[in-house]
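Take a look at this single chain in structure tokens; it is the form predicted alone.
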């Protein structure tokens, strides 16, 4: 059986976990291609207007797989850390797909909820294996190896490696070591690592002579430490990751500027970006800008914004 996985949303964070499990469980895997104009337009046409750009892209990637696979893997991610949640749209994603995208093969809904404790992960994969008709020992073996590879992936990123060097291994990402400084690019992985919708911002910054850091390069323990003096706990996992990494960079002399890449209509981004901007103004006052993306964002306007920021970096230096 051929299982399709949409190359969108948290695929960029969890592809080692999902692909390894399904592959070792005995299934062929097909990943939708990198985002292109047709996938974007398809997603926009199928999804409700008030959804954010990443959710619209997920619709486009799912529709692209319709006639290529036997089933499609749709994650319902409720919580990825005890006591925390992620965006509510992720919870309703399977229902949105069922009602908006017609002519799909059967959907395999992967319910993933770690809100109570970490045991929820193993339970989730056990249910997934059972639904796919895989035996108990095969499920355990596939899960253990998938978990091992996911931890390796996370460790590589936390060591400072550019995630695009893993996602796009055929290209050279470290051939030009930045000599002008380092820019922290903050945003959700499904924005930063999707080279089409992000206008290839990471490559453009590298080509202009700067190094790049992303939130995945900051460890979970560091983020917790940076946020321990906040007046209340942040219960949105990805908002917490974005704010915590930004706070770490504001305290790191090796970071010389920050770009916040957000999605129009994202409630989490709206308050996290404002908080980070205020902390910057009160502290180091690094060169800082926000670039907002939606399906109407034009490449020329985007490049102009980025060039203006890089000019500001030169003046600040």
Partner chain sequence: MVITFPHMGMMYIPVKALFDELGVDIIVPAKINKQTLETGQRHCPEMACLPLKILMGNYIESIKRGADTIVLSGSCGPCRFGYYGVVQGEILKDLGYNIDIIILDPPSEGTGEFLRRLKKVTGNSSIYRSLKAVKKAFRVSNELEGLLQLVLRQRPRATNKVSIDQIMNRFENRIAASKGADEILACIYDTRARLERVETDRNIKPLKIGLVGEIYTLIEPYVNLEAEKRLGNMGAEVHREMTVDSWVKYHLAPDIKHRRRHNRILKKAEDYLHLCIGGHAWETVAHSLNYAREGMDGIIQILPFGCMPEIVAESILPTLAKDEDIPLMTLVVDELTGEAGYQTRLEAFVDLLELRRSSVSDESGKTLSWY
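Note that the structure is a prediction, hence the values are computed from the model and not measured. Numbering follows the first chain given and starts at 1.
Unshown form predicted together with the partner chain; subsequent notes refer to it.
Highlighted residues 185, 196 and 212: none comes within 4.5 Å of the partner chain in the predicted bound form, counting any heavy atom. Although the partner is absent here, residue 91 is a contact residue: one of its heavy atoms lies within 4.5 angstroms of the partner chain in the predicted bound form. Within 4.5 Å of some heavy atom of the partner chain in the predicted bound form lies at least one heavy atom of residue 100. The closest non-hydrogen atom of residue 220 lies beyond 4.5 Å of the partner chain in the predicted bound form. Though the partner is left out of this view, residue 232 does reach within 4.5 Å of the partner chain in the predicted bound form, counting heavy atoms only. Out of the listed residues 143, 173, 110, 85, 85 is the one that sits within 4.5 Å of the partner chain in the predicted bound form by at least one heavy atom. The contact with the partner chain in the predicted bound form, taken as any heavy atom within 4.5 Å, belongs to 78 out of 78, 104, 74, 134.
Comparing 33 to 41, 250 to 258, 275 to 283, 64 to 72 against the partner chain in the predicted bound form, the single stretch with non-hydrogen atoms within 4.5 angstroms of it is 275 to 283.
Shown here without the partner chain, the chain has 48, 50, 51, 76 in 47 to 76 lying with a heavy atom within 4.5 Å of that partner in the predicted bound form.
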